[in-house]
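Single chain ahead, by itself, as structure tokens, in the form predicted on its own.
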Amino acid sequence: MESVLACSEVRKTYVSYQKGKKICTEALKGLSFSMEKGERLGILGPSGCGKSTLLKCILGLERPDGGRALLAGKAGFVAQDPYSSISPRLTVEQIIEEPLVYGRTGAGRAERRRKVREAMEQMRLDYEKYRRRYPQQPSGGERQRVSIARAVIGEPEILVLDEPASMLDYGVKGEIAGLLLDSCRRLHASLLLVTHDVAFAKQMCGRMIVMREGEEVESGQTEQICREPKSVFTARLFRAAEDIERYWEEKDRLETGTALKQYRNAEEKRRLRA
């Protein structure tokens, strides 16, 4: 199989100073893995485990202190925060069009507009309704769909996702997951997901690498790891995630029940007054 990503002994250390004392923090401690074309791989772990640093090294935003990360082909990137990853001075149409303008695709204005319309329709965004709007106007979920449209318009070989659903409401995550998976199938693209959200990783990825403190804890097929985790750390991570999922499900059930009860009470009062 053709490889789209190869990381070999990737190391990264950050140096800081506190009260004149030099402090070295090893964010990555020699991480190695590869990713085949068409594969959907999740990098899973808690905050501070080195996931985002790894992503920066892969995308060339950080230079590793040791080892190397080789990314083959064109990448489309979806950031965690749609507020900071999109220019507030550009319209939705201009934002999505950016890869075609600066990617030297040679596409003329009419062709770029056609592709923007197509990308927006694929993300279920009405072209005429949203194209002249600024990022402050759509909702958070709609803004993330704009980010995805910008990522896929250049037809990348790999989609790189940094916590793409962590800032969205619980009910919107499923919709975003569906749009991302549809995009991968349509483009025959690979998918690299960095997240701490176990449920989202299960939905998105066929293979998973669990990280802790800059190192790999275990890796394998998602279904196998979730069914029989080899490490105590992974088992605890999954158990905590299940508790959080149950919390949100229960919260949603209670809020829905309360709203329904309030509606019925108001309707009964209106009926009695009539």
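The numbering used is simple: start at 1 and walk along the sequence shown. This is a predicted model, so every value here is computed, not measured.
The same protein also exists as the form predicted in complex with a small molecule; that form is not shown, yet it is the one meant from here on.
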| query | finding |
| --- | --- |
| The small molecule contact at T53 in the predicted complex, heavy atom, 4.5 Å | yes |
| G30 within 4.5 Å of the small molecule in the predicted complex, heavy atoms | no |
| Distance check, C49 to the small molecule in the predicted complex, heavy atom within 4.5 Å | yes |
| Answer range among 235-243, 40-48, 220-228, 201-209 for contact with the small molecule, defined in the predicted complex as heavy atoms within 4.5 Å | 40-48 |
